[in-house]
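Quick heads-up: it's one chain on its own, the form predicted on its own, in structure tokens.
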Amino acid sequence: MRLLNQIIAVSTINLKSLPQRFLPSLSTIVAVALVVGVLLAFMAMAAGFQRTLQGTGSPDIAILMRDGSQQEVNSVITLDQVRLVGEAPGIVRKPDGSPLISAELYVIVDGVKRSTGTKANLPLRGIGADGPALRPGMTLVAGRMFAPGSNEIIVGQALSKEFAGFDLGQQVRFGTTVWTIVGTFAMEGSVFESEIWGDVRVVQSLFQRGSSFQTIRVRMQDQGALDQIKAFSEGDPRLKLAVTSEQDFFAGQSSGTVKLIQYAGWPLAIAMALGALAGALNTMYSSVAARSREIATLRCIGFGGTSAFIGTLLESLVLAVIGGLIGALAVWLLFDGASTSTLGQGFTQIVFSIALTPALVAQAMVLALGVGLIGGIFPAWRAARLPIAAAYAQG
């Protein structure tokens, strides 16, 4: 109990004396806040991107691409293969007996970011009549659906907000062709909101793709039908297509970009943490030197070295916590929920919202506490072992 009381007393004295060391203490707080802010900004971007992709796709929709293709842009599917897939078991049939299937084309076009004015790759997806029916949650929020056989397009809500020139009624030029935007659609914040949709036959013609496609989407009767479709594709030498659920496909697409963002964020944050650590060490050594007379006085009246050690270490941890909280608050105020875009694995921009989660804040605070712990432990050890005579001599 005596030791606890000593620790409380020393800690209280240290914390109350912080205003006397305002500038050194402030530099440590700012340094830690910058470390936490940079790390959280990168991690929140990765979390938002991952949430967008993992929230895209339905488990009862199957995607078929050329075997070995990792991206839609690398796949090629013939019209004959589309017809063969329509005969596969486990596919939902429409009232007329035809399969609920959408053969699609995915091409890259140019766009300009509103925020920076820089050019970016955007996805133009050619879809057929059943394309919207294979995307649960798709709703037109403005305008109408494009007319088959025309140079009309509809754009995702997220894309129209992030990129210039895609408002309802505007015309855009892709290559030598002018397209008219007749609708804007929403799809619960999924990746599809980062796309432009037009009639697949028109896209094939104007982009000189003949009768080829890149992906086939089908609605399955149940999730177990995925194995049936796989077996059907593997059993027919004319197909040999890779089959996966739409949900798994988009979840897999997120991993590479998420790792890239994280690999950029952590090294930068750690490098900055080393700088913050140097600042914390300097601040705490200065704090011990400035309070050497106080420490000596406490030692003379019976306070042990343990209380001086813990009190000094606690001061460093408090400064780190304050800095960490300020950094987290700044990221939350400036970035949380903000819309941005980055290049996905399909070589096109994906629009997403930055997402700051409690788990990310906890990770950043652990880093902040690490800076405070290492930055305070050596000065605390010095305070605990400071000879009384030497302390008075410094005073």
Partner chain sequence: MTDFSLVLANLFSHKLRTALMMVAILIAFLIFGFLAGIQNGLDNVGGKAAESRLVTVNKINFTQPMPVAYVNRIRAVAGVDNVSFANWFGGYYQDPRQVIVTFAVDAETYLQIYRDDIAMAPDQRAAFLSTRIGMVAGRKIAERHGWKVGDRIPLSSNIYTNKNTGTQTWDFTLVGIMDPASEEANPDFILFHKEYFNESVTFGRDTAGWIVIETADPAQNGAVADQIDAMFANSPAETSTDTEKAFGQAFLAQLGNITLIITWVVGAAFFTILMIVGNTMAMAVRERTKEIGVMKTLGFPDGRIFRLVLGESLLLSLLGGLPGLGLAALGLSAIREGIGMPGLALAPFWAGVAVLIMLALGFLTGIIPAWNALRLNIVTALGRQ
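Numbering follows the first chain given and starts at 1. Take the two forms, find the largest set of C-alpha atoms that superpose within 1.5 Å, and that set is the rigid core. If you're wondering where the values come from, they're calculated on a predicted model, not measured in any experiment.
Quick note: we don't show the form predicted together with the partner chain, though the next part is all about it.
For the options 310, 82, 281, 100, the residue carrying a heavy atom within 4.5 angstroms of the partner chain in the model of the complex is 281. Note on the partner interface in the model of the complex: the residue among 357, 363, 339, 342 having a heavy atom within 4.5 angstroms of the partner chain is 342. Looking at the partner chain in the model of the complex, residues 62, 158 and 164 place no heavy atom within 4.5 Å of it. Heavy atoms within 4.5 Å of the partner chain in the model of the complex are found in one stretch of 193-201, 310-318, 206-214, 225-233, which is 206-214. The partner chain in the model of the complex comes within 4.5 Å of a heavy atom belonging to residue 34. Remark: residue 45 counts among the residues lining the partner chain in the model of the complex, judged by a heavy atom distance of 4.5 Å or less. The partner chain in the model of the complex comes within 4.5 Å of no heavy atom belonging to residue 139. For residue 38, a non-hydrogen atom is located within 4.5 Å of the partner chain in the model of the complex, even though that partner is not displayed. With contact defined as any non-hydrogen atom lying within 4.5 angstroms of the partner chain in the model of the complex, the contacting residues in 24-40 are 24, 26, 27, 30, 31, 34, 38, given in sequence order. Annotation: Cα of residue 57 displaced by less than 2 Å between this form and the one not shown, core superposition. Fitting the two forms on the rigid core leaves the C-alpha of residue 30 displaced by at least 2 angstroms between this form and the one not shown. Once the rigid core is overlaid between this form and the one not shown, residue 327 counts among the residues whose Cα shifts by 2 Å or more.
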